[in-house]
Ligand SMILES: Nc1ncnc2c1ncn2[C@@H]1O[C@H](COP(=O)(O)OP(=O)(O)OP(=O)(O)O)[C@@H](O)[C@H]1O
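Listed next as structure tokens is one chain, alone, in the form predicted alone.
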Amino acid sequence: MRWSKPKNRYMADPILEVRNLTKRFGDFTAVQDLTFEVEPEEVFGFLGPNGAGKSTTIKMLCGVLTPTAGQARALGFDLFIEADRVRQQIGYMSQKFSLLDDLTVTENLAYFGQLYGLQGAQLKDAIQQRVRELQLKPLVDLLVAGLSTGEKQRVALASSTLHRPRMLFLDEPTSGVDPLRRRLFWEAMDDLVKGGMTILVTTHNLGEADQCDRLAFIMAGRLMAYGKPRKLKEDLGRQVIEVRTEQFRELQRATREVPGIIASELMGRGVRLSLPAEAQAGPVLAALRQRGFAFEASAPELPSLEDLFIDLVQQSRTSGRGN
């Protein structure tokens, strides 16, 4: 699925502006000089390997951690100096969900709603609405401790959005969740975006990242790439062709002798070829057929985010920034 985007949305000022954000823990620099902007009503993804600095960035923007250096403005206010003026317009769902295991779902929602300043009829209406939207009715009287990971995930999303925040920060929200629950969760997020919310989400799931409006790739605390998924793929300057053959291992070895192939890798019972973006695929495929291989080849397409991810990891290691 793709996100629904209001027309001319990008004419608006950024809802979040981050400049040179840095966080050090002693001699270790977890985040260094991050600069990016988030537009209203978009899903902005932080993508990177474990330990890259994604969660640390989110925690600084939510006020959980104090930055070592840098500035950030959200909703027109200084996020670090005027935090009290922004806090009620922000929601935060941590990787561990932060739910209270010894309370029921309803009690958890009431507790977190009160933390966000909701009371009385307003709190009751907000709980009822979120229970209905996220299909939580069968769970309302159950203790959180007995819920599955997917059920806790939905309750945590409900609790972090009871106050209808303008910005929602999600830290690895689908970690440990099966594919069906992951899809349902992202469908729920789609509804929030359609309702006017802006979402910042950290993930290392490339399928999820491809659904974001824009991405920031973070490696070893540094911003390595930033932009719309399609543009980031185009900037790699490659095209990809999938070749399906029963001789996939032999063909993959033979590609080392064929000029014009940047890389080849096994994929299932086939081979994935990477060529320069401007190259003609015909001569490359003809050269493989001349070597005695029979195969079916897909039409050339853009590289994937996995290709970009691997390329950035290699860049990071070459520059000495990787672990």
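Don't overthink the numbering: it's just position in the shown sequence, from 1. These numbers come from a predicted model, not from an experiment.
From this point on, the text means the form predicted in complex with the named molecule, which you will not see here.
The contact residue chosen from 30, 254, 285, 261 relative to the named molecule in the model of the complex is 30, the criterion being a non-hydrogen atom within 4.5 angstroms. The contact residue chosen from 190, 172, 242, 133 relative to the named molecule in the model of the complex is 172, the criterion being a non-hydrogen atom within 4.5 angstroms.
Residue contact check for residue 274: none of its heavy atoms lie within 4.5 Å of the named molecule in the model of the complex.
In the model of the complex, the named molecule sits within 4.5 Å of a heavy atom of residue 95. Although the partner is absent here, residue 292 is not a contact residue: none of its heavy atoms lies within 4.5 angstroms of the named molecule in the model of the complex. In the model of the complex, the named molecule lies within 4.5 Å of some heavy atom of residue 52. Judged by heavy atoms within 4.5 Å of the named molecule in the model of the complex, the contact stretch among the candidates 294 to 302, 55 to 63, 33 to 41, 275 to 283 is 55 to 63. Contacts of stretch 197 to 224 with the named molecule in the model of the complex, defined by any heavy atom lying within 4.5 Å, are made by 204 alone.
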